[in-house]
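Encoded as structure tokens, the following chain is the form predicted alone, with no partner shown.
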Amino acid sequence: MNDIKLIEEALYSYIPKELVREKNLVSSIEYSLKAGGKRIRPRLVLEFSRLCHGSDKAALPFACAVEMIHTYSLIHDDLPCMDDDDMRRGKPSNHKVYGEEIALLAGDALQSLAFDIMSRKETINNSSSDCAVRCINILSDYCGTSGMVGGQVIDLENEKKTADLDSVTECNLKKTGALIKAACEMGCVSASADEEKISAARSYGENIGIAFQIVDDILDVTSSDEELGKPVGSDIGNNKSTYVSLLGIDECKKRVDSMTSRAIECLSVFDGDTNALKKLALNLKSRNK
């Protein structure tokens, strides 16, 4: 079984099954969870767990949790009060199908479900209470005020004005990079890795996280709606400062190359097979959607 199928089977198993009065909410959750995507964050959890000699069984709940947080952030990001995007992964955004109110609540419910599955007895039995608590702490920190949500606030404040490179970088370290770092760290923690390996995973995640965002900014001006499955050119339309607007495409590409190389260098502290993580970093660098 390939990793995406493994992740998605586990992920979908957590969707509430009961046909209750809230079934429209459950349908909305299912719609976004099953919308596809590269599943980068849960794959990172699994790969770092394996690299630290952990088991997929122990790591999968944490992999699913970080993907649920990511999915909730996409639902909220598309709302009219945020980016107001009508398309996501080639399909209508959640709020275009279920309405703003249900979409908002679906995001809220996914956030709650993520922390629910990390704290379940079965999750603790397959890892340990210490691992579960630390993973909960990592994810709550990186998705909150000092992480993803804080980054979204900076992003909103940077709209309609010229932001400098430091502000754009801080925004992206939090909004995009934080969950990627969380995934890398959680994979190590789920396998009871030592602090040197957790720190190396964190650095790997930070580098590929910023590289990922720079590639996103490049694609926003070089790709098409059909290729990306979402509107392109929105940053330009909103007069938003990006890596491309501040640095130009050539310098952006140089930075992506440099950060990808640094990420790969971080893997040298691990004694296992790092080829999958090297390949992932290189694939993210050269992606076209």
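One rule holds for the numbers: they count along the sequence shown, beginning at 1. It should be emphasised that the depicted structure is a prediction, and the values quoted were computed from it without experimental measurement.
Here the subject shifts to the form predicted in complex with a further copy of the same chain, a form of this protein not shown in this document.
With a further copy of the same chain omitted here, the record of contacts in the predicted complex names 152-160 of 86-94, 197-205, 177-185, 152-160, defined by a heavy atom within 4.5 Å. Only one of Ile102, Val215, Leu173, Ala193 comes within 4.5 Å of a further copy of the same chain in the predicted complex through a heavy atom, and that residue is Ile102. Across the proposed site, Arg21, Leu79 and Ile124 without exception bring a heavy atom within 4.5 Å of a further copy of the same chain in the predicted complex.
Though the partner is left out of this view, Gly272 does not reach within 4.5 Å of a further copy of the same chain in the predicted complex, counting heavy atoms only. When contacts are judged by a 4.5 Å heavy atom cut-off, Val66 does not count as touching a further copy of the same chain in the predicted complex. Contact annotation for Ile210: none of its heavy atoms lies within 4.5 Å of a further copy of the same chain in the predicted complex. a further copy of the same chain is not shown here, and in the predicted complex it never comes within 4.5 Å of any heavy atom of Leu219. Shown without its partner, the chain has Asn137, Ser140, Asp141, Cys143, Gly144, Thr145, Ser146, Val149, Gly150, Gln152 in segment 137-152 as residues with a non-hydrogen atom within 4.5 angstroms of a further copy of the same chain in the predicted complex.
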